[in-house]
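First, one chain by itself in structure tokens, the form predicted on its own.
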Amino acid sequence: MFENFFADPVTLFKGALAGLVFGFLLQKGGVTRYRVILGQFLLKNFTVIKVMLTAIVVGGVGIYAMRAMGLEVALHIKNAALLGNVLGGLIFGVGMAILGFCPGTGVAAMADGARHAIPGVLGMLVGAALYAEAYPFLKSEILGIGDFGKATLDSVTGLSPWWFIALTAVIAIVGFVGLERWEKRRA
């Protein structure tokens, strides 16, 4: 029953190492603190959006640069299932607003010593288990509504992904400058 439950030890080590680096960077970025997450929702602290936009741009450049150099980097593209994405986003957003953490920042906050994140992370695990149990029903009745398959911006438009990475980088830079100015005026 559990023969394919765990990956091989090398893959598990790589995953643990990546998780430690990710958690370290979340902690250093300040997004393991409840007040930072709350500040984002109250439009008073924009650290979270800055960290996320930076990660998106750096990740996009890194993945597509490796692919351009001939390295085989598998992209596990999920279906553009609109209703499922909207419902999942609402559940995720409500949970994050109530708890003050998302799954990654919740676990990193626990590692940073935030005991109040423990019930939330346990709740996330219970929610994941409930979703896994309900998945057959959700897949047949809900997740297929508005499903456009594995659509990406470059596959839909025929443009190079570099155009979208550049556009995202410009949006991030303009956004960062604007947010910094707005935060200084409010302070």
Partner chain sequence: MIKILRKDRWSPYLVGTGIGMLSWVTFAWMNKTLGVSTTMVRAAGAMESVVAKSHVESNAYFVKYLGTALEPKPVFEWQFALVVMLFFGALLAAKLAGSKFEEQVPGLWAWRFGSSKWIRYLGAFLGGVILLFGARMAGGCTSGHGISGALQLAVSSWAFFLSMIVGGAITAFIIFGKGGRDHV
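The term rigid core refers to the maximal set of C-alpha atoms that superpose within 1.5 Å between the two forms. Values in this document were obtained by computation on a predicted structure and should not be read as measured data. Numbering follows the first chain given and starts at 1.
Absent from the display: the form predicted together with the partner chain. The rest refers to it.
Put simply, Leu42 is close to the partner chain in the predicted complex: some heavy atom of it is within 4.5 Å. The partner chain in the predicted complex comes within 4.5 Å of no heavy atom belonging to Val170. Although the partner is absent from this view, Gly144 stays clear of the partner chain in the predicted complex, with no non-hydrogen atom inside 4.5 angstroms. When the partner chain is considered in the predicted complex, Thr152 lines it closely, a heavy atom lying within 4.5 Å. Taking the partner chain as it sits in the predicted complex, the stretch 64 to 79 comes within 4.5 angstroms of it through a non-hydrogen atom at Tyr64, Met66, Val73, Ala74, Leu75, His76, Ile77, Lys78, Asn79.
Comparing the forms between the shown form and the other one on their rigid core, the Cα displacement of Leu71 reaches 2 Å or more.
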